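Next up is one chain by itself, shown in structure tokens, the form predicted on its own.
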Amino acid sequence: METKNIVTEYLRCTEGELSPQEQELVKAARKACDSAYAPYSRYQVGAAALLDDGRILTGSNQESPVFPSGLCAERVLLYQIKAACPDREILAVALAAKSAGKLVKNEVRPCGACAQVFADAAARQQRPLRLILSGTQGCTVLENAGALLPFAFEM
């Protein structure tokens, strides 16, 4: 029997320490919160992706009274990109959230299902996908979104 460790490196920073392009991505994620349909949780999540052609696409969570038929912002965004831009690579994704109409203090983190879809997206494009988790008190940056789920499902 052998014991192994999983180590996840990440950056903690202020929004001002991000590159100008990443700051724009965070702003787009925050704006995307406003298109969320979250009458049940009242927790609006926005996601924004920077594609390799320079475009920024956004998504937001969409709830349904028939649980769990809603969809998280991350999956709305990643599935939209794969459907509409199948030949584009995703360079980075930023996440933001509002609760009761105000940006949250602590950075929003993807759920397990979204972590799996991030791992799938990175595997498909065969390159890491940078992830910026934002809150009003700072950001966490993962160089590879696959680090969210070290034991991601693979076929």
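Keep in mind it's a predicted model, so treat the numbers as computed, not measured. Counting begins at 1, following the sequence as shown.
Below: the form predicted in complex with a small molecule, not depicted.
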(message) If contact means a heavy atom within 4.5 Å, which one of 24-32, 42-50, 125-133, 86-94 is the stretch that engages the small molecule in the predicted complex?
(response) 42-50
(request) Spell out, yes or no, whether the shortest heavy atom distance between Cys72 and the small molecule in the predicted complex is within 4.5 Å. (result) yes
(request) Verify the contact flag for Thr58: yes if a non-hydrogen atom of it lies within 4.5 Å of a non-hydrogen atom of the small molecule in the predicted complex, no if not. (result) no
(message) Test of understanding: in the predicted complex, would Lys102 fall inside 4.5 Å of the small molecule by heavy atoms?
(response) no
(request) Please check if Glu63 has a heavy atom lying within 4.5 Å of any heavy atom of the small molecule in the predicted complex. (result) yes
